[in-house]
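First, one chain by itself: the form predicted on its own, in structure tokens.
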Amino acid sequence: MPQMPEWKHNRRILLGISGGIAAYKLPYLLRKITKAKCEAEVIMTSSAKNFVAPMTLETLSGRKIWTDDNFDAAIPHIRLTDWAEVFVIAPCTANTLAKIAQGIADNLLTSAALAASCPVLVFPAMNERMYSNPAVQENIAILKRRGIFVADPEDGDLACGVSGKGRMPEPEEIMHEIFRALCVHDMNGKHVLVTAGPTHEYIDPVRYISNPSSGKMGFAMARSAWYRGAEVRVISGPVEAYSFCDGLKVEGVTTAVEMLEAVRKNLDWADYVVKAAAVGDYRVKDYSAHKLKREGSDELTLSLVQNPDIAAEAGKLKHDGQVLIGFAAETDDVVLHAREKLARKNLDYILANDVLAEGSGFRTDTNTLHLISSSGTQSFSGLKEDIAFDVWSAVLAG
């Protein structure tokens, strides 16, 4: 995961751990929290200590670990929940889930769950038959009706030796949900469509024309909108899986033509369209169904034809109230060329950068972008995650 942006730092996270085998993942989660420069307090049930050592968590958090046999008379469940900005219960066993749903406060963790006024995130983990049991499903429904977030377990191999739905999400996915809970939800109800990554235009079955785009900026824009409450769909060229998070609906494509068709299919749905993909301008006119051989001439001449301009097509089809945000990767006269594209493609905003500048452009975690609209230009530098958050703030402010 890239370095954490500033808005994610110095947040106060309360972790509740109940007694399931998935508790072995909690040191990894706690490590991610501390690396993000956030504070963490930890409550463990007595049975949780059978799966992860309190000393391990105390070392990682730098704080006392709270259990049923080590708290004083200072009402820690009240103090801890008053302190916390978000309360994460992971793993949450069927037993703990039932207690919280029914208002039973017979240990420190469940007492804290009743006292919490901050967002509560619950990550169930159990055998698939236990998870599908009507009693468990009813308890989940009760918590959701009360406004508590209950994550869907993942499918996969379970500790009991079977494969099914019941696995706790990986720490990285839990972190995404934590950040969404901590973020201002000023995009609730909004639909955001983002294109990201490169396209591959194949010459033959083993060779293609492309560019160095990693998709990092596009996925940063997508995650930031999702953190802020939006429903987000991403149409992505070939990128590394690190960019994904479960909250994003990702459709993978390869070529510019495929990306255009996917954009057309989703365009009417979107309130905001972010065209961050580095789409190839050209494709090979005559694709070879078989690998081209080196024998013969020392030279190979390829005939190229223009790919569709997806941003311009979106600009033609833009409906009333829809906001279209384009990107311009330039090497000279960055703002001038971007302004020309803004007008020509009927965009509302365009984000321009110099891909030759140090710490900017393709495959970096940092960037320098100029947000250009009819009302002026704003510039942003720093982590792509930070820039994405600031760009959305500027766009929402109009």
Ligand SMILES: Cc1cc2nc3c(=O)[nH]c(=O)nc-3n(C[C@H](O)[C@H](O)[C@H](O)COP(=O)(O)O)c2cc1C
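Bear in mind the structure is a predicted one, so any value in this text is a computation, not a measurement. One-based numbering along the sequence shown.
The form predicted together with the ligand exists for this protein as well; it is not shown, and the discussion that follows is about that form.
Colleague: So in the model of the complex, does any heavy atom of residue 126 sit within 4.5 Å of the ligand?
Modeller: Result yes; residue 126 sits at the interface with the ligand in the model of the complex.
Colleague: Applying a 4.5 Å heavy atom distance criterion, does residue 322 contact the ligand in the model of the complex?
Modeller: Looking in the model of the complex, residue contacts with the ligand do not include residue 322, since no heavy atom lies within 4.5 Å.
Colleague: Answer with yes or no whether residue 151 is in contact with the ligand in the model of the complex, where contact means some heavy atom within 4.5 Å.
Modeller: Residue-level check for residue 151: no, no contact with the ligand.
Colleague: Indicate whether the ligand has at least one heavy atom within 4.5 Å of a heavy atom of residue 239 in the model of the complex.
Modeller: It does not: once the ligand is placed as it appears in the model of the complex, residue 239 has no heavy atom within 4.5 Å of it.
Colleague: Within 4.5 Å of the ligand in the model of the complex, do 199, 255 and 307 each have at least one heavy atom?
Modeller: Verified in the model of the complex; spot residues all out of contact, no.
Colleague: Using a 4.5 Å heavy atom cut-off, which stretch among 213-221, 246-254, 95-103, 170-178 contacts the ligand in the model of the complex?
Modeller: Correct option: 95-103.
Colleague: So the ligand isn't shown here. In the model of the complex, which residue out of 107, 81, 266, 139 has a non-hydrogen atom within 4.5 Å of it?
Modeller: For this set of options, the contacting one is 107.
Colleague: In the model of the complex, which of the listed residues (187, 118, 121, 130) lies with a heavy atom within 4.5 Å of the ligand?
Modeller: Residue within 4.5 Å of the partner: 130.
Colleague: Which of the residues spanning 7-22 lie within 4.5 Å of the ligand in the model of the complex, based on heavy atoms?
Modeller: Stretch hits, in order: 18, 19, 20, 21.
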